[in-house]
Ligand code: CAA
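Next comes just one chain, in structure tokens: the form predicted on its own.
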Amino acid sequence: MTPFLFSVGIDAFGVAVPKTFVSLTKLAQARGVDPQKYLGGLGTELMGIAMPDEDTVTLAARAAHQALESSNTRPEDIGMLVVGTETAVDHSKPVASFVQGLLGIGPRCRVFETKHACYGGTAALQLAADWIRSGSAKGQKALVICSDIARYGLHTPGEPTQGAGAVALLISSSPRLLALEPGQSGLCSMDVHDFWRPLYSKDALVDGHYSVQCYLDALSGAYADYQANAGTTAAPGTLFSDRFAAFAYHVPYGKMARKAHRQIRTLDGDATPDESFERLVGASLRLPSLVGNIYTGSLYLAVVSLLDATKGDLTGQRLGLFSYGSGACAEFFSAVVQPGAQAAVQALGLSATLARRRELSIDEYEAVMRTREALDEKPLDAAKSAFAFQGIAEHRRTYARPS
């Protein structure tokens, strides 16, 4: 397959994860649970835990800073800045406005926030892509950031499916990493109550088994819509999904990606759907298994992982991407890997970043969770590092800016 010479897509990635993590093996032992229930049952090994001076804003700013630096993009090149999140820090002021100030992006920029559970980042990506395709960008780029802190509370069923992180996507008309295939997208939305977070709660609520079924139903609908929009059928002796060199799914936990892939291959008529899983999906789960659930960024962390960990050359190959947000909206779309994309992602040094994190003991982890619970009621000691949350004074959130 020939890569697009001119298209709209992802020009650069940036990834930010918390400075600390918890081992799910040790968490399981502390909760009196067989560790295999977490490791095998969920497909997650480590869970990123945001410290009190880290929040949705700081994670977003760090990820965006990396995306801009790695692509030599100036703040004035950004004409649209959107943050997709379901863990916003204010009911009115968007996370994107805080990020605009921290990054020094000028006033001639469209700045806002998108929300639809874990689909919010994809909604922002598609909107930004259409903005560039329409000609309204006038040569400028869009900066889309998916940033979230997934939390369910201590000793709850959802506790081992927490995590935190952000993935920034720089969108341009001549993308160096992934070219989105125009018109190649399938949608499925429905009014369901599978996962939600009331305004009065910091912790999410979920109807677990129902949410899994909603995810799979939405995947089936979006995949069928994609096939209809693609306008082509599978070649004789092949499956429609054989046109994809690899897949990345919305992955709140690794086992969900296995269920998703099994669903797609079964819909295609594959009698042994699990046989292709490691080959087509395995590389996308390495980073998510070490970070945990990051809501809006979960799909894009899987995409970064796929490009970072795949051994063979994916240049010119088509990727199948699936985004799901409870409530619910889902989209199956595709992108073509551009020359040098894997090397560019590998140059971000994400393995080294993860290796530098500090492991929290279970006692430390529980203390952090209790501290975060009271952050809106008492100030923090002023943090010194760049992009750090410093606390709330007179109902205003303050952050440390880079020197």
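As the structure is a prediction and not an experimental result, all values here were calculated from the model. We number the residues from 1 along the sequence you see.
Although not depicted, the form predicted together with this ligand is the subject of the following passage.
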Heavy atoms within 4.5 Å of this ligand in the predicted complex: which stretch in 62-70, 33-41, 48-56, 333-341 meets that? 33-41
Does this ligand get within 4.5 angstroms of any non-hydrogen atom of Pro288 in the predicted complex? no
Applying a 4.5 Å heavy atom distance criterion, does Pro252 contact this ligand in the predicted complex? yes
So in the predicted complex, does any heavy atom of Tyr152 sit within 4.5 Å of this ligand? yes
Interface membership of Lys259, this ligand in the predicted complex, 4.5 Å heavy atom rule: yes
If the cut-off is 4.5 angstroms on heavy atoms, which of these, Gly221, Gly158, Gly316, Pro182, is the one near this ligand in the predicted complex? Gly158
Just one of Gly312, Gly208, Gly104, Gly135 has a heavy atom within 4.5 angstroms of this ligand in the predicted complex, so which one? Gly208
Relative to this ligand in the predicted complex, which residues of 307-336 have a heavy atom no more than 4.5 Å away? Tyr324, Ser326
